[in-house]
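Next up is one chain by itself, shown in structure tokens, the form predicted alone.
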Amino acid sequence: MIKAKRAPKKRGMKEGGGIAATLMLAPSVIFLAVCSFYPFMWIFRYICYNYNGFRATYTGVRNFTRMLSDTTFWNSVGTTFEYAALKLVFIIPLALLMAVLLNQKLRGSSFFRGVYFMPTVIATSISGMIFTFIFATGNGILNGLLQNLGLIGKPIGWLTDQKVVMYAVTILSVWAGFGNYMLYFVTGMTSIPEDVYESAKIDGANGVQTFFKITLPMLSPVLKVVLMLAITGAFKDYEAIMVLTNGGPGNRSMVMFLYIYKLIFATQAGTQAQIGYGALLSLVAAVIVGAVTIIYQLVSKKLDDVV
């Protein structure tokens, strides 16, 4: 008996599957176009204009020449790199350490996972206000604790001293974000087979050797993703800094996206919105973040090839 051909049915199934896939992807594509592509083109449109939200006046290359001589902006770029470096130095090791401790399957580990993750779901404005009270000079909790322990003789101006304000900002950002990266590491560690750890234990490897010889190498794909997310996130941070210090004192904690935000929304009294100039700085900041991301990807690829 000759079997009937089913090619038309398969073709119909493929066509139906393609239509279903298109319908499922359509909302995401539309959302991306409305919330990303259109705003980008809108910003790109006004880079050569003096636009205050009501009237746009063509200015040619005036915004570009202003950008080149804008010391506040370029200082904010340097501050952004400093802030990102400080944040990464502390947040990645801390998240990795807590993930290793919580992966030991000890009693109460699930509870502490929730506790450490909780700051990531707290609104930035609320966490900024909380740390404003903690870092207050006169009656702040941190200064009072340090004085009671005898570690300092007089209160430290955490939010008013240019020498220490970046440390205060970094403490807030690390507290608010390390729980998220910790969960990434915990998820990655759960995918490592237990047989590998048992074999290392039989061979006499201690905890430190097991971490550097087994956990860290097998966690490298997750670590690379977490590092990329942490780098891009650090360069785009500004909300918590805005609530905590508003870029002060003396623009010492002014990061580039906070400076752009102030220009576009005219947050200072007596100032006018500078949307055209802010749009140009937004594109420059996006190029800087993109360049840093590309450099990181190239470096990580080179390291993979070496290893």
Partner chain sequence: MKKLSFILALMMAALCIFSAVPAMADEKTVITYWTNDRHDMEYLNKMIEKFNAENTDNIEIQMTVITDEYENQILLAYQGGTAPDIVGQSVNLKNFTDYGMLVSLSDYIAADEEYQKVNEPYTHAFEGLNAIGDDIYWVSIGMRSGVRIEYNKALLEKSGYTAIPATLDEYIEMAKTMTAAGNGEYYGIGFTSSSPFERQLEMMAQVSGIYYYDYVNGKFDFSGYKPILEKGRELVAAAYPDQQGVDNMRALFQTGNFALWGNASQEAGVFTQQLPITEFEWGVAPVPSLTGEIKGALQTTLSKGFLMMSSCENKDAAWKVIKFFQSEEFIKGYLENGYCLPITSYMDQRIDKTKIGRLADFSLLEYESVYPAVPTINLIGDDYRTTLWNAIMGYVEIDAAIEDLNTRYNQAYDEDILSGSVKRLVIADFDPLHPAAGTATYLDK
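Positions refer to the first chain, counted from 1. All of these numbers come straight from a predicted model, not from anything done at the bench.
Another form exists, predicted in complex with the partner chain; not displayed. Remarks below refer to it.
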query = Thinking of the partner chain in the model of the complex, which stretch from 224-232, 206-214, 95-103, 137-145 has heavy atoms inside 4.5 Å of it?
reply = 137-145
query = in the model of the complex, which of the listed residues (F133, Y197, W74, F112) lies with a heavy atom within 4.5 Å of the partner chain?
reply = F133
ask   = Looking at I260, M242, A273, I43, which is the one with a non-hydrogen atom within 4.5 Å of the partner chain in the model of the complex?
value = A273
inquiry  = Suppose contact means a heavy atom within 4.5 Å; in the model of the complex, does that hold for all of K236, S282 and Q297 with the partner chain?
reply    = no
query = Can any non-hydrogen atom of P27 be found within 4.5 angstroms of the partner chain in the model of the complex?
reply = no
message = Can you tell me if F54 lies within 4.5 angstroms of the partner chain in the model of the complex, counting non-hydrogen atoms only?
response = yes
ask   = Should T170 be classed as touching the partner chain in the model of the complex when contacts are defined as heavy atoms within 4.5 Å?
value = no
request  = Answer yes if any heavy atom of Q162 is within 4.5 Å of a heavy atom of the partner chain in the model of the complex; otherwise answer no.
outcome  = yes
note = Of the residues spanning 62-81, the ones with some heavy atom within 4.5 Å of the partner chain in the model of the complex are R62, R66, S69, D70, T72
